[in-house]
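Listed next as structure tokens is one chain, alone, in the form predicted alone.
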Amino acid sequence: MFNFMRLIHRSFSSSPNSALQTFLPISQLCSNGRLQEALLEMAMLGPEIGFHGYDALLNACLDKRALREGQRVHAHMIKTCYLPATYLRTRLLIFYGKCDCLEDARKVLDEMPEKNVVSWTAMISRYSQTGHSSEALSVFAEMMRSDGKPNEFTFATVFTSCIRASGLALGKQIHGLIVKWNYDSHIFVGSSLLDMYAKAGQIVEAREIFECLPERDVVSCTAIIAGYAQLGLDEEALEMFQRLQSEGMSPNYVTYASLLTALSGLALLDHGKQAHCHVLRRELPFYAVLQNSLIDMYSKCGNLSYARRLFDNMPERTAISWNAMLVGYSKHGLGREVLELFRLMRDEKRVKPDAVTLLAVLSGCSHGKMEDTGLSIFDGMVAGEYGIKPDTEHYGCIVDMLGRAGRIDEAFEFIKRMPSKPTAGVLGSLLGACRVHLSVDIGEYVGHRLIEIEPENAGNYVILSNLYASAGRWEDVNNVRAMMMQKAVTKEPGRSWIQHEQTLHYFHANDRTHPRREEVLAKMKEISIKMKQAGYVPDLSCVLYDVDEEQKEKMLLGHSEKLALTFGLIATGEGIPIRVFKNLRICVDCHNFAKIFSKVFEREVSLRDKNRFHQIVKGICSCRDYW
């Protein structure tokens, strides 16, 4: 409710003058920034102030976000029984919204005898901008019930609140309205519409809308690039960026932030450096969102030192900045650096840790072989030490931590004590650990539970099958594979890639598709001889098929990581580091191979799989063989 009556007695004095005589002084005082004098003039005028005086005062209060002064203007209207026109009521609504007094803004809207499209849109917009999505959609629905007709700005605004499943369903209905009323050709509406579909994961629909836009601006182009990047469709995001640049699009800082997200996923360090140079040359504003994307890109591409340099030089860090750096250290297995940075964050007391921060810290402890420290931090979360209660992801990280350390029974008991039912992600962490540490009994139980929960997830079948294969239970392996065929579940094929001369070179197991395949295979035979002379012994346990040892060794040499390393040796100059990336977890044999490869050929090797980095120098890996 409004609390103006205690201010009203300050709003008047005697000696009223005519509105015509005083209009210019109030207007001039407001335009000159002399708001307090203008308010004094308002008090002297009493009921004679009129429309123009109120308009000038409200605009001045809006510009300065002067809440108390704006309340005095509103109180003056009430005391003098002035009935403001719809325009002035809308200015009041906007004023309260900008001052984050949403209840007062909504009360102004509700008390308006007549509402126009600007009034409705202003309220919807403010709710959307402040994250009150359900309230924004409620106002839009009320607008439609009252026969108000939205315009292009209303539609563009309301789509930003159509989030989650319920919001998407309503968004599709609103989509029907804009087609019916021919607003689908408006660039603002189209951009918001495709952004809504992209954020909901409906990228096909978003792309269709994008292609049908009569014209495209940087907002719509950025929305489709961001949509691809957020869904992990990094190659599509990069291709779209390159296409739109060739069509003359001028990217802004948000476009580059989205592009850097895609480059992080592909680990394209050279492309990322080029994007960084473009940002510097064009003198784009270095807002936090762009700096955070650069930190994320450099850390995920293996250049942690430069990521930290950017982080240290930021004039103001957000929680996302700290989290990006913490995740970077965690992915490299640098647990001590994670804890040191977390300590610095808490000591500075400028930014509070959030749930993602604690997740990154626990992950760093997991990858850094510091499970006791991680458990202590988790206990602190439960006790309320950090102001953040652990959620399912934090519980999953503890399961991963214990499982990685081989403490399978503890992890299993920990899951049983969880306050809520374990999700597929939590059980999946335990199943992966059972596969690594050959805990068949627990792994078998967890694997079948996962198949019940996620019958379409091929990864669960594959890990369970691999667990059976490691134990030599080939009949069970065949049963799981038959189950996959019966349910038409297909596994994601493993692939590795390496960048050379601005081109990505992809390799699959026993690849026969690469243009230089014969050269790569011939070089591989030569390499394998030198590797064995240096002490490399193929780890045949990594072959999960019931074949003889000679066939197993041949299959190991055909792994995509080894083919990519071989190509890197052929394609790059002597002494140049070789960077290989893989979409799945690197196997133990390929990890051992890469260490000896680094020593024999005197190359620094960087391997990044879906979980973490392995920086190998002179046969020694940064993971210390704990991964």
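In case it trips you up, residue 1 is the first one in the sequence shown, and so on. Here the structure is a predicted model, which means the values were calculated and not measured.
Unshown form predicted in complex with the DNA; subsequent notes refer to it.
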item: Proximity of Ser363 to the DNA in the predicted bound form, heavy atoms at 4.5 Å; value: yes
item: Interface membership of Val477, the DNA in the predicted bound form, 4.5 Å heavy atom rule; value: no
item: Non-hydrogen atom contact Tyr445 with the DNA in the predicted bound form at 4.5 angstroms; value: no
item: Any non-hydrogen atom of Asp184 within 4.5 angstroms of the DNA in the predicted bound form; value: no
item: One residue of Leu341, Ala122, Met531, Ala200 in contact with the DNA, assessed in the predicted bound form (non-hydrogen atom, 4.5 angstroms); value: Ala122
item: Contacting member of Ala105, Val327, Leu427, Leu556, with respect to the DNA in the predicted bound form [4.5 Å, heavy atom]; value: Val327
item: Which of 437-445, 111-119, 495-503, 232-240 lines the interface with the DNA in the predicted bound form (heavy atom within 4.5 Å); value: 111-119
item: Triple contact flag Ala471, Asn583 and Arg608 to the DNA in the predicted bound form, non-hydrogen atom at 4.5 angstroms; value: no
item: The DNA in the predicted bound form - contacting residues of 175-197, heavy atom within 4.5 Å; value: His186, Ile187, Phe188, Ser191, Ser192, Asp195
